[in-house]
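The data below hold one chain only, encoded as structure tokens and taken in the form predicted on its own.
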């Protein structure tokens, strides 16, 4: 599949059109990647997020990037893993679809995703990466040429699962 790169490192350092924030429903910051993005972006991000009024699980919202190298932050709220009994797979897929929709609506051509829901939300990496790759492949088949999707890995497990699911 073309247009996909795996990056091992800090998502807040990427110079892309948009980085994705694995946010909580309030959009007001938290732990993990959410906290790191808010800290790196500075107080303007929190102020803009306060005006948005939150985000339901599976949806996405876009803000400016403020002090980040990325021009925008796309905030999406992934599902908390409940052993697959609470429509988690569809909600996670919806996160990716809604991020790609905002990418298109804002005429952006590069986006970087963390492993949505794989941290404190407990989503199994293998299943989450399968969904991420599937939704990305579907998007790239219909997207304008020149779109680049980065998967940002925070550990070996996530990286291995992504590489396993990416088409040769």
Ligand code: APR
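Numbering follows the first chain given and starts at 1. Only a predicted model underlies this, so the values are computations on that prediction, with no experimental measurement involved.
Another form, the form predicted in complex with the named molecule, is not on view; read the next lines as being about it.
Visitor: Even though the named molecule is not shown here, does residue 18 get within 4.5 Å of it in the model of the complex, heavy atoms only?
Guide: Contact with the named molecule, no.
Visitor: Can you work out whether residue 136 and the named molecule are in contact in the model of the complex, taking contact to mean some heavy atom pair no more than 4.5 Å apart?
Guide: Flag for residue 136 set to no.
Visitor: Is there a heavy atom of residue 66 lying 4.5 Å or less from a heavy atom of the named molecule in the model of the complex?
Guide: Because no heavy atom of residue 66 falls inside 4.5 Å of the named molecule in the model of the complex, the answer is no.
Visitor: Can you work out whether residue 58 and the named molecule are in contact in the model of the complex, taking contact to mean some heavy atom pair no more than 4.5 Å apart?
Guide: Answer no; every heavy atom of residue 58 is more than 4.5 Å from the named molecule in the model of the complex.
Visitor: Which residue, 116, 103, 70, 45, has a heavy atom that falls within 4.5 Å of the named molecule in the model of the complex?
Guide: Contact residue from the list: 116.
Visitor: Out of 50-58, 31-39, 137-145, 95-103, where are the residues with a heavy atom within 4.5 Å of the named molecule in the model of the complex?
Guide: Looking at the other structure, the answer is 31-39.
Visitor: If we check the named molecule in the model of the complex, which of the residues in 4-19 reach within 4.5 angstroms of it by a non-hydrogen atom?
Guide: Counting only heavy atoms within 4.5 Å of the named molecule in the model of the complex, the contacting residues of 4-19 are 9, 10, 11.
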